[in-house]
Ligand SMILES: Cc1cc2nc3c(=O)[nH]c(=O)nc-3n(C[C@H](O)[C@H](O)[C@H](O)COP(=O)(O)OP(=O)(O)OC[C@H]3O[C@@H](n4cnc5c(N)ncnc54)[C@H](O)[C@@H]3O)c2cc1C
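One chain comes next, on its own, written as C-alpha cells: the form predicted on its own.
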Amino acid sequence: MNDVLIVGAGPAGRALGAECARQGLRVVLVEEHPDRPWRQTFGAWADELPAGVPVAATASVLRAVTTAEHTITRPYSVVDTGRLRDWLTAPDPVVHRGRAVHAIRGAAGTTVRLACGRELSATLVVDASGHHRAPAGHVPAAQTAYGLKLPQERVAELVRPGEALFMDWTQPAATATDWPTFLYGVPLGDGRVLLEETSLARRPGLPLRELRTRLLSRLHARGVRTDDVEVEKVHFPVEQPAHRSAGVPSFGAAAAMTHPSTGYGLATSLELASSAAAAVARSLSAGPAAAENAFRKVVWPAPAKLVHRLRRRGLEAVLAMPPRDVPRFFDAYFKLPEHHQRAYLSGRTDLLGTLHAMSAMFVRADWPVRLRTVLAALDPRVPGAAA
C-alpha cells in the first residue's frame, strides 16, 4: 500500500507530493490530464514565495489607481510557470493517468476507484484536484479576467519597466453594466506584459465577453494595438467551501485555501506543503486517522479558520457596495500603514493583525463604506472554513 495518494497534479498537488517524497514517503498522484501545460499566470508577493521558486520577473514598485494614485514598495513576482512544474516534480514521480470517481475508507486506509475501474490504495488520500462545482442552488462569487500578453514597448505608458500595475479602477468607456472592474498589468520576463481587465469578485462572475470589450476599449482609447497577441482567460470561485470527497482531507484550492478577497492561493499552497508533509510523516505510523488529523491541523489551524471567516466578511462588504463606492473602498485600504496591508493580504493565521487591519480600514473609510462593512459583518449567511 502507498503511504500517500494525491488526487490532482496541479501546483498544489505536485508541491505536496514532492514534499512527501522528500520525507521518504511512498507517494502516488492521480491526474486525468498529467501532460496538460500550465498556461495560467501566477503572481505573488515575493516575500511569500518559498526559497527557490522559479520567478520570471519581479516588480520592485507597484502602482494602484483608485480615486488617487498610490505606490506600493513591496516586491511582487510573476512565477515562471514552465519551470515551476519541473521544480515541483519529485524525482521519478509516480503519476497515474485517470479520473478519481470514488473513495472507499477502511481501517487501514482509503481506496480510490478511477473511472477506468482501476483501484489504488494509500494510508492517506488527499484531494488536491482544484476548484469544484458549486452545490445545486448556490451561485458562488467568482473572480474573472480577460487578458492580453502584449509587447512591452506597446504598453510602456501603462506598465513602466521594472514596475507593475496592481490595479487601476479607472473605468473604460465601453461597458454594458456599471459593475466596477480594474486593469492589472505585470511583466512576464520575456519582453511582454500581461494586461488583464479584472472583476475582483461578483456573484455570478462577470462574463468574459464583457471584460474583453472593456479591455479593448481601454487599450484602443490609448492607441495600443492588440493584434497578434496571446489571450489569457481567468474564471474561478473565491468563496468555495472546502471539498469533502468521501471525507478525505483536501489541499490547495480544493481546501478553500484561496484568499477570498484577492483570489491568491499559490504561495500559500507552496509554503504549507513542507509542514503538511512533515506532519504526515510524523503521524503516519499511528494510522490513517492520526495522519488525517495531523494534516488538517496544519492546513486549517484554528486561527486560520477565524481569519478566513473575517476575510469572507470583507468580500461580502465589497460585493454589497454600490459600484461608485468600490474605488473609494480601495483608496481607504491603500492609505493604511504597510503593516496593516500586509496583515490583511498575507497574515493567514494572524488573527490579531487581521482584526487590527480591518478596524483601521473601518476608521479610515467614509460613512457609506462603513455602513456596507457593518451590514456584511452582521450577515449570518457568510460561512467559515473547514477542511
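If you're wondering where the values come from, they're calculated on a predicted model, not measured in any experiment. The numbering used is simple: start at 1 and walk along the sequence shown.
Keep in mind the form predicted in complex with the ligand is missing from the figure; the text below concerns it.
- Not one of Leu25, Gly109 and Leu124 comes within 4.5 Å of the ligand in the model of the complex, counting any heavy atom.
- The closest non-hydrogen atom of Gly265 lies within 4.5 Å of the ligand in the model of the complex.
- Residue contact with the ligand in the model of the complex: Ala253 places a heavy atom within 4.5 Å of it.
- When the ligand is considered in the model of the complex, Phe236 lines it closely, a heavy atom lying within 4.5 Å.
- At the 4.5 Å threshold, heavy atoms of Pro327 stay clear of the ligand in the model of the complex, well away from it.
- Only one segment in the set 302-310, 265-273, 289-297, 208-216 has any non-hydrogen atom within 4.5 angstroms of the ligand in the model of the complex, and it is 265-273.
- Residue Val30 is the only one of Ala343, Met361, Val30, Val53 with a heavy atom lying within 4.5 Å of the ligand in the model of the complex.
- Shown without its partner, this chain lists His131, Arg202, Arg154, Arg192 as candidates; in the model of the complex, only His131 has a non-hydrogen atom within 4.5 angstroms of the ligand.
- For the stretch 25-62, the set of residues having any non-hydrogen atom within 4.5 angstroms of the ligand in the model of the complex comprises Val30, Glu31, Glu32, His33, Arg36, Gln40, Thr41, Phe42, Gly43, in sequence order.
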